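Listed next as structure tokens is one chain, alone, in the form predicted on its own.
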Amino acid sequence: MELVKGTSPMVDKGPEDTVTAWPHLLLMEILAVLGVTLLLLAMGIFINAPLRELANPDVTENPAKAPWYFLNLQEMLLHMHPSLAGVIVPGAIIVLLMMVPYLDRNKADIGIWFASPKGRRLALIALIYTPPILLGLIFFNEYVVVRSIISQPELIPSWLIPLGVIGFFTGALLFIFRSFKPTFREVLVGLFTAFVVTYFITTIVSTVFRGYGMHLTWPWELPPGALTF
């Protein structure tokens, strides 16, 4: 039986438009590891990081701050109930992120940054709108002090208002996105951009702008040891 030209198995031919992991990928990873190691070594040599005094279990620091990677959660604790800020909201975000691969089964645009030009525009919108809205809410809660105005029942300032703000902010973004007639993936790109911006802003505010009693202050007025990295 004679094989038709072009139909025989191509066992010795690899996929088109591909490169081998060595040396193209592994070489770049090795250079990245060496570069990070050199940077950390230089920081350890030239940046002074003295140890502080021994902790006193009888005296609580003011402000008492968590490590920097938890400061976004500590910032949320200032605005809502601890169960909501420390368990429910982070848990819901983690579950939603885990569900994304099962919700978005479309194989188009895989591996493309922001999925499409429209996705990039939605990410830019989230990048522009999220900081002023988030900072406005932080300033409002700092100087208006909602909890002192509505202290009873606790359900209103600690649960209903924060959940309402989160829902309103998410709904406002979705309403803005709607005018672009995006795909589901492009919507996810915009919402994830808003989440990342929120993560960084809350971390920066709690790290650099929270002083005595976790009130807003200028970085140069922070008490000793208030900066946690």
Partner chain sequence: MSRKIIHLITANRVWRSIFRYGYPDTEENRSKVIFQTFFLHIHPVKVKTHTLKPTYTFGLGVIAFYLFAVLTITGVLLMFFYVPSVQRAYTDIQALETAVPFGMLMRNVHRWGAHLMVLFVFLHMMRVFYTGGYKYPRELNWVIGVLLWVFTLLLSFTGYLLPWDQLSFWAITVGTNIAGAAPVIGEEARTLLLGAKEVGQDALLRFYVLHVMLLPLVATVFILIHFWRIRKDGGISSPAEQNLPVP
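We call the rigid core whatever largest set of C-alpha positions still superposes within 1.5 Å between the two forms. Numbering follows the first chain given and starts at 1. What you see is a predicted model; the values in this text were computed from it and never measured.
We do not show the form predicted in complex with its partner chain, though everything after this point is about it.
- Taking non-hydrogen atoms only, Pro131 never approaches its partner chain to within 4.5 angstroms in the predicted complex.
- At a distance threshold of 4.5 angstroms between non-hydrogen atoms, Glu142 is out of contact with its partner chain in the predicted complex.
- Residue contact check for Asp109: one or more of its heavy atoms lie within 4.5 Å of its partner chain in the predicted complex.
- Taking the partner from the other structure, its partner chain in the predicted complex has a heavy atom within 4.5 Å of a heavy atom of Trp22.
- The partner is absent here, but in the predicted complex a heavy atom of Pro82, alone among Pro153, Pro117, Pro82, Gly136, sits within 4.5 Å of its partner chain.
- Contacts between 78-112 and its partner chain, taken as any heavy atom within 4.5 Å in the predicted complex, involve Pro82, Ser83, Gly86, Val87, Ile88, Ile94, Leu97, Met98, Val100, Pro101, Tyr102, Asp104, Arg105, Asn106, Lys107, Ala108, Asp109, Ile110, Gly111, Ile112.
- With a cut-off of 2 Å and the rigid core superposed, Ser179 has a Cα displacement that falls short of the cut-off between the shown form and the other one.
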